[in-house]
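The form predicted alone is given below as one chain in structure tokens.
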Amino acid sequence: MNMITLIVALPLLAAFLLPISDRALGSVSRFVGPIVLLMNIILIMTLWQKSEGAPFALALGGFRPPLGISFYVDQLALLFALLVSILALMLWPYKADTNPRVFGLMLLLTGAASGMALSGDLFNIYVFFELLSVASFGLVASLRTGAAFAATTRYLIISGFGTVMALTGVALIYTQTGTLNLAHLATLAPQQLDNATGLTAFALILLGIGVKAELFPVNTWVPEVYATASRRVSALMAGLVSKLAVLVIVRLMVLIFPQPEAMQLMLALGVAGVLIGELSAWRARDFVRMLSFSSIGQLGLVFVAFSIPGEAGILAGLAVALHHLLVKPALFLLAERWGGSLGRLEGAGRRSPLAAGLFVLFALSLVGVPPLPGFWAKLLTIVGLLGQAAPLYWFAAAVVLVATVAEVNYLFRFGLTLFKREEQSAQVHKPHARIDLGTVSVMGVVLLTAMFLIAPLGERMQTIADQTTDRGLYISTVLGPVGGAR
């Protein structure tokens, strides 16, 4: 099982060796990244088969937990580590004129994201979070335009503010418990963190890490960054980076902060994100900005779903997150040729019927038209919200329904624009690049396949939800049978 370290080490090592290989191999070096990502995918699938879905822990350096570096590998961690490599491979910048530094940043982001998915202590989560931040700053600025530099600066300032909040929260936890190992914290939290100090620490970490997860109110960087970065970078950040941040927050909530106040705080911020994101998307008159605000609304829905107590919340949140991880990158790739004012896109769908058909497919799933996967994800969320006694959950269910109406309106409006007969400007109707359209087509096939396999997929996600919410299993796997007595 020591192979699990290669999932993090290989991309990081390749990222730092790429400048050397670029001088030695020239343009061939751009294929080093895809080869490393393919190796990661094979490693993860091999590990999943060998472990047979049972969780295991790895103590690096020979230091037993709670000391040293700890990796916790369950089905949730393996799933997201696998998705990191798959999505990075699909969104890899294959163009010949791409700056070689972008390849290194992509690999750095992949290694850091995998580390965040696998880490079992707050210190290493913070280290990988910072590596991921550095990589994302470089990728956003990679187009080297004035607008990209301005957006990156704004993003960096907000992220820096978030880092300070997250570090303050981690410091509060350490002063209260004397440890940062998640399993050890899970044994100490009921006595030492179930108080105002613990809730303050959670709120600080939630907002700090929530910067990457597009959480209200630390998501003001999203429209500018997604509008100025390349579409593949926007797809990667909206689809992948945001989910890794959510995963960390969910781990903390399940293991350390399961109290109702923490869940309701996350619910309130998620509801605000849904309202602001979807209403802003409804008012937007630019396709990329519409997708950016829509992403904020969808991430708000992810937080709303995960705030539902128990296995029902993990199941609903996982369904919404995985659906968004697939749909939003596809829509950003379609925006590669459809960016700009909506009014200038009249008739664009008639010139690109395949792209228009894929947009309709993803839009229908996004709003929740049955039997597409988006319908089941929203159904699980609504049912879970209505099953709670607290009025705030009922209010959240009403907000989700109202936001869905706004979502239907602006997506339908854009779809009608694509198929209008009048064509005011032909210059924006350039055909989509084959690699982009091919990637979106693969995502469309995955979405349709998931529709027909919804029952077995639901069973698998239920298994993952059961395992994720089992705090005793996490503690015993990392600390051993007597972990609770430590």
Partner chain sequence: MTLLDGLILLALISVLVTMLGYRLPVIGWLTSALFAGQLLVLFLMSGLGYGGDTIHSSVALSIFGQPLSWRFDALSWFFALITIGAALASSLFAAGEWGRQYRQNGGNPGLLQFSLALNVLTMLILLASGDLLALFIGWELVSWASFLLMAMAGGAAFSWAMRYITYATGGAMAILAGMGMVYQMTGSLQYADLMAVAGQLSQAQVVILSLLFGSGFAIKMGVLPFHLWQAGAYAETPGPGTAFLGSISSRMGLYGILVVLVQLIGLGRLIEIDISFTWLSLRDLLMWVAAITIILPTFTALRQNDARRLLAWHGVGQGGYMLLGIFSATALGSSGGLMHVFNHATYQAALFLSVYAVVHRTGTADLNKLGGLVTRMPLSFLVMLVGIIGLAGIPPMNGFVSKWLVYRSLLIEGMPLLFVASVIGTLGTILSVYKLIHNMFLGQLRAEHSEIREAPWSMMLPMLVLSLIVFITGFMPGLALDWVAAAQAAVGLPVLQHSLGGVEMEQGGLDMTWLVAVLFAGFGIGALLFYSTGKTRHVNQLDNYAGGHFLTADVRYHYSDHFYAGLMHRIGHWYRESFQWLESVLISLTGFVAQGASGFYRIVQPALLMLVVVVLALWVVR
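Positions refer to the first chain, counted from 1. Given the structure is predicted, the values throughout are model-derived calculations rather than measurements.
As for the form predicted together with its partner chain, it is not shown, yet the points below apply to it.
TODO: Using a 4.5 Å heavy atom cut-off, indicate which stretch of 79-87, 101-109, 374-382, 322-330 touches its partner chain in the predicted complex.
DONE: In the other structure, the partner sits against 374-382.
Task: Of 218, 334, 244, 345, the one that lies within 4.5 Å of its partner chain in the predicted complex (heavy atoms) - done: Answer to the contact question: 218.
Open item on the list: If the cut-off is 4.5 angstroms on heavy atoms, which of these, 255, 364, 263, 188, is the one near its partner chain in the predicted complex?
Closed with: Contact with its partner chain in the predicted complex is made by 364 alone.
TODO: Would you check, heavy atoms only and a 4.5 Å threshold, whether residue 434 touches its partner chain in the predicted complex?
DONE: Heavy-atom contact with its partner chain at 4.5 Å: absent for residue 434.
TODO: Indicate whether its partner chain has at least one heavy atom within 4.5 Å of a heavy atom of residue 420 in the predicted complex.
DONE: Output for residue 420 is yes: heavy atoms within 4.5 Å of its partner chain.
Open item on the list: Even though the partner isn't displayed, in the predicted complex is residue 356 close enough to its partner chain, meaning a heavy atom within 4.5 Å?
Closed with: Looking in the predicted complex, residue contacts with its partner chain do not include residue 356, since no heavy atom lies within 4.5 Å.
TODO: Spell out, yes or no, whether the shortest heavy atom distance between residue 94 and its partner chain in the predicted complex is within 4.5 Å.
DONE: Residue 94: no contact with its partner chain in the predicted complex.
Open item on the list: What I'd like checked is whether 10, 141 and 447 together line its partner chain in the predicted complex, meaning each has a non-hydrogen atom within 4.5 Å of it.
Closed with: None of them does, since no heavy atom lies within 4.5 Å of the partner.
Task: Residues from 310-328 in contact with its partner chain (non-hydrogen atom within 4.5 Å) in the predicted complex - done: If the 4.5 Å heavy-atom criterion is applied to its partner chain in the predicted complex, 310-328 yields only 315.
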